[in-house]
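Coming up, as structure tokens: structure 1 and structure 2, two forms of one and the same protein chain.
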Structure 1
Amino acid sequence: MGKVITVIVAIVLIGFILWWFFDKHEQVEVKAKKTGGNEQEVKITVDGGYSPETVVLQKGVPATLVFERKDPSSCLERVVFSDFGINELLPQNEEKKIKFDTSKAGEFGYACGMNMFHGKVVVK
């Protein structure tokens, strides 16, 4: 009896893992907010990933990305924009402002130092 239950539980768990991690889950895009003058700013919380994962910036408007890392994991302690040579340490529970060049339109991916977590900045 115990073995039957074990098998059932295992199947349910595996099914859950497949659904939770591999099934497509909706990701919201967040547009940057205009701040005083002609600038834009968007806040990204770093906690088990980047939320929001995709931010949208307006082309040509100077932008600041504000990262706040809540997660203690060393996986997330750096943020790397490989297109821009940005590799910044994110101190835990502090806001880290990173200036972002919006002169070119396009999609720019970023990742944590170990390239395990990914986020995206869309300039249009």
Structure 2
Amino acid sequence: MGKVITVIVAIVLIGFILWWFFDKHEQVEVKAKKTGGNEQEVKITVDGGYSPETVVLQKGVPATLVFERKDPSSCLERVVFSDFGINELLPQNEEKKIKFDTSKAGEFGYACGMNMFHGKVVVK
């Protein structure tokens, strides 16, 4: 009986791991807010991932992404935008502002320093 329970628990754990890392979770898009002077800004909370995971920016309007890392793990202490050559340290419990180039439309992914957590910026 003990072996059956162990196999069932192992199957459930494998299913959870597959769902956590490979399933496309529901993503909520958040549009950046306009600030004074024809600029846009969006705040991204870093706590066990990125919230919101997807942000939408208006093409051609200067943008700032404001990251606030609450998570103490070293995995999330950096954010990497490989398409733009950005690799920034995110100090814990502080806001880090990153200017983002909105001259080209498209979808641009970003990730933590270990490439385990991902987010997306959509410029349209």
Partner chain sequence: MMSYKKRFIISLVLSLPLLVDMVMMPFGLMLPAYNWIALVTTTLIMALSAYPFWRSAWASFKHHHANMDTLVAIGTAVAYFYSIFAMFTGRPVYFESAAFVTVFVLLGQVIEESMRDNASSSVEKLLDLQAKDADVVLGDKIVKVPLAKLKVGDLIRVKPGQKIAVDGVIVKGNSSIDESMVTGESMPVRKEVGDDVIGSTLNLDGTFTFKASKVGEDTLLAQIVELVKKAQNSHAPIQKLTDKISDYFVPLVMIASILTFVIWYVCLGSTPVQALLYAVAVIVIACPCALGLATPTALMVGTGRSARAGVLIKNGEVLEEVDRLTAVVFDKTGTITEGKPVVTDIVAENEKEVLQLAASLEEASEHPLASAILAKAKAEKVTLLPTADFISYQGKGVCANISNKDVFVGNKHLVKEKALSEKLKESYDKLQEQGKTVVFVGEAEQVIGLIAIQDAPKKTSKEAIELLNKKGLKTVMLTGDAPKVAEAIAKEVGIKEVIAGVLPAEKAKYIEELKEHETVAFVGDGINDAPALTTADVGIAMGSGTDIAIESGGIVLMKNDLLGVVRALELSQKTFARIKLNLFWAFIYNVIGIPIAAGLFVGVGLTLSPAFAGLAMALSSISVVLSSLLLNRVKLSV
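Definition used throughout: the rigid core is the maximal C-alpha set that superposes within 1.5 Å between two forms. Model, not experiment: these values are computed from the prediction. All residue numbers here refer to structure 1's sequence, counted from 1.
Participant: Tell me which of the two, 1 or 2, is the form predicted alone.
Facilitator: Looking at both, the form predicted alone is number 2.
Participant: Rigid core fitted, is the C-alpha displacement of residue 15 between structure 1 and structure 2 2 Å or more?
Facilitator: It does shift by 2 Å or more.
Participant: What is the Cα shift of residue 6 between structure 1 and structure 2 once the core is superposed, in angstrom?
Facilitator: Residue shift at the C-alpha: 7.5 Å.
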